[in-house]
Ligand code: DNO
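A single chain comes next, written as structure tokens; it is the form predicted alone.
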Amino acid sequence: MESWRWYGPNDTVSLSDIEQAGAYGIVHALHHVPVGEIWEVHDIKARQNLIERDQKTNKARNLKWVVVESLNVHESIKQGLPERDELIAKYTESLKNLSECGINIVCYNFMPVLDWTRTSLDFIYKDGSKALRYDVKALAAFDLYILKREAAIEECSEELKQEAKEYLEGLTEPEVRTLTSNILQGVPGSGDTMTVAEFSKYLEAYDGITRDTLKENLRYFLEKVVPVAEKYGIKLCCHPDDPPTPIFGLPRIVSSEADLNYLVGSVESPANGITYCTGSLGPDANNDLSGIIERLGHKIHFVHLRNIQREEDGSFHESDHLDGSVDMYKVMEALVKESQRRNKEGRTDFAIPYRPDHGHQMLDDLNKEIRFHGYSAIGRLRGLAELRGLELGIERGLLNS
């Protein structure tokens, strides 16, 4: 199912724009509700009405809110603090309310402190458009010399320390501020940016929390939440870590096929599943992206399709959807086959929602201020068109084979 992420009334990309792009499923969240608070039925229904009916003419749009992205998990749950049970109770109440409103796919992540992390939000791509980029040297420069995290000295090689120092020395003061702001973006859609001091306090809260500890906290969360989700017909789907590697000493636990197996194996239920994201799993060349679909496709409830170009040192930038290190043909072929298999089995969820994840700032969008980086209209329109054509071609090819 062709879908599109919409950030709400403050999004510069309108619902009419999305209709013209040809998407049907809206991927959305109540960004104004603080993390940890309950999503009330009246708020959900009000937003559904805004999405599904033209407010000026009251005519129905060919749009439906089909995926929540994201119902964020509070940091206290990730840290395993005493108040987590109260927060989990609020989380499950939100799931119940979403079910009452007919929304049954809920994406979340278990990344500590930061959501997706990039060092540049306006990397100049080879065709002159702007893209997002993750630069290992830039991140190390921030970690070592701006954040001044003590443990980073031991974690970084001497070569990377020197490269990071040279990188930082080559920046102007405004460029240093931009790098800091890029890294410390808050929850997508919130518009918030942390200060370095605030970020340091968040990191301190994770002192002593190892990868194993975080995995156990995830299991605890799932054991409490998944039975409620199953009762109300909700499909939970955890988003992989982005990037799929530890940063700032924070553990990562959803970065590989082994991690995904741990996730879905922690609580066996049709409600416990995966948000499959090529842009998050793709930076690690060890991840067999089409193979993951072949082996875990029955657990995939939602899909992000984005391409990246890997670099030798672990850096990457976001490339065109059909051009990069991810073999998007093989990925789409595996997804089409999974959808067809579900249809033959009589599963009602055979139309798996997917969205063009991020897009380059290009053409007329280069002249606009983009509030939500990666989410301009024209780049995603191009991505959706390419993915739609790829999907159709593969479907026809399989039909005639």
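Computed from a predicted structure; not experimentally measured. Heads up: residue numbers just count along the shown sequence, starting at 1.
This protein has a second form, the form predicted together with this ligand, left out of what is shown; the following refers to that one.
Contact assignment for this ligand in the predicted complex, among Ser120, Ser266, Asn109, Asn104, heavy atom within 4.5 Å: Of Ser120, Ser266, Asn109, Asn104, the residue with a heavy atom within 4.5 Å of this ligand in the predicted complex is Asn109.
Glu155, Glu75, Asp323, Asp115: which sits within 4.5 Å of this ligand in the predicted complex by any heavy atom? Answer to the contact question: Asp115.
Does any heavy atom of His358 come within 4.5 Å of a heavy atom of this ligand in the predicted complex? Because a heavy atom of His358 falls inside 4.5 Å of this ligand in the predicted complex, the answer is yes.
So in the predicted complex, does any heavy atom of His239 sit within 4.5 Å of this ligand? Taking the distances in the predicted complex, the answer for His239 is yes, it comes within 4.5 Å of this ligand.
Taking any heavy atom pair closer than or equal to 4.5 Å as contact, tell me whether Ser70 reaches this ligand in the predicted complex. Taking the distances in the predicted complex, the answer for Ser70 is yes, it comes within 4.5 Å of this ligand.
Is Tyr375 part of the interface with this ligand in the predicted complex - any heavy atom within 4.5 Å? Tyr375 belongs to the contact set for this ligand.
Would you mind picking out the stretch of 39 to 47, 329 to 337, 349 to 357, 57 to 65 that comes within 4.5 angstroms of this ligand in the predicted complex, counting non-hydrogen atoms? Comparing against this ligand in the predicted complex, the contact stretch is 349 to 357.
Going through 1 to 38, which residues have a heavy atom within 4.5 Å of this ligand in the predicted complex? Please give them in sequence order. If the 4.5 Å heavy-atom criterion is applied to this ligand in the predicted complex, 1 to 38 yields only Arg5.
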